[in-house]
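Next up: a single chain in structure tokens, the form predicted alone.
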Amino acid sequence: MFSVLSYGRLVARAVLGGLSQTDSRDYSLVTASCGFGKDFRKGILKKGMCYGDDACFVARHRSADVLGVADGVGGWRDYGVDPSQFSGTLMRTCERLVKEGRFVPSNPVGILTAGYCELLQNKVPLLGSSTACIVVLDRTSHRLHTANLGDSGFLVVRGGEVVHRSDEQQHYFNTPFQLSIAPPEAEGVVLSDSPDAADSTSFDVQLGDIILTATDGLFDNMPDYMILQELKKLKNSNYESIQQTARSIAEQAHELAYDPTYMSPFAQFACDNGLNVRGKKIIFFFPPTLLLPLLLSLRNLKQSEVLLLQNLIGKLC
């Protein structure tokens, strides 16, 4: 997800021209979208904001903008379960909770917990697993509150450098923390973590910051320096520039994922664990979110590629 922090279109120009970063007015996000589904066709969405087995949402309520992404575990397909049902339902539930105001901006874990509990209480049986990342921008306090469960994550980029990032959560190699719902006979056998296990952080953001939130499809295929190189190409905060930068990152990550000769971060990690692999044979979901005078957020999911750029002030760009 790619978002820019701003006060609006006119103010965006003023910010890029040197608006003080100590301004007391509320911040807000501007975003847009572009991506690939599992069948590689750009812009193909399933029900809701789902791409392949993965899903995301962008919601706004009073003083907070909230982003969420869930990485559906594809292994459930081997048992006749559609992995996108779990991730999609989780994200739609979290989105509804935010729009209804049933959350506290400083507690993104609470959004994830409430959403997961609703899935557990669903009268219609739902099986599956997913990782998840929730990012909340408190527009009044200018603080970013995050909750990350598994190998999704985020970067905060300021002045061309990474100034804050999430920690990946793995039980062991290629086995991230995840929320799960298993059939009664498999409870205790299927890996399942509590939402409370999510890594939580809070960080002061500034106009001009870029926030990238993504699942493993981005970070497994592109090291930080490659991402930063692409972000340097973002010269202004208009929609076209944001979309072009987001698309460029998504396409590069996609190409690298299927390059059998490329030693990706994932491939290097595999080698460190005694496996000889190159690249990472996955399709990923990749949305970036830019906070208009430049706070950007990217999200990337394992089995689809998506870029989200939508206006968090209330409309899609």
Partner chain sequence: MSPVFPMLTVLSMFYYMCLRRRARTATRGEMNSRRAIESNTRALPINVEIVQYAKEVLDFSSHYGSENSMSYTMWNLAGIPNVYPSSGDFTQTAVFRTYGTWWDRCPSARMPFKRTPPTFCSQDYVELAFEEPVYPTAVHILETYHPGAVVRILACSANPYSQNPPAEVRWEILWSEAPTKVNGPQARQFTPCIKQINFPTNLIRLEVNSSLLDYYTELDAVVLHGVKERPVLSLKTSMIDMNDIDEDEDEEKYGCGMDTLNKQFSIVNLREWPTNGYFDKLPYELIQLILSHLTVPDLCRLAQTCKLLYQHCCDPLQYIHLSLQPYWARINDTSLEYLQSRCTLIQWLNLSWTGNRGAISVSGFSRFLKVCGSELVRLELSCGHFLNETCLEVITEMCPNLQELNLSSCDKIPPQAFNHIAKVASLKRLILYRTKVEQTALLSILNFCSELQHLSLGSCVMIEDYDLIASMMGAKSKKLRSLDLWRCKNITESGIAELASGCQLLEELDLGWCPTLQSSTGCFTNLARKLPNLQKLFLTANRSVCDTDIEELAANCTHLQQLDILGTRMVSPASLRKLLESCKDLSLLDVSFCSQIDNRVVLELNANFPNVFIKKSFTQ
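This is a predicted model, so every value here is computed, not measured. Residue numbers count along the first chain shown, from 1.
As for the form predicted in complex with the partner chain, it is not shown, yet the points below apply to it.
In short, of 162-170, 227-235, 118-126, 190-198 it is 118-126 that has heavy atoms within 4.5 Å of the partner chain in the predicted bound form. The three residues T93, R96 and R102 all sit with a heavy atom within 4.5 Å of the partner chain in the predicted bound form.
The single contact residue among D204, D78, E185, E240, judged by any heavy atom lying within 4.5 Å of the partner chain in the predicted bound form, is E185.
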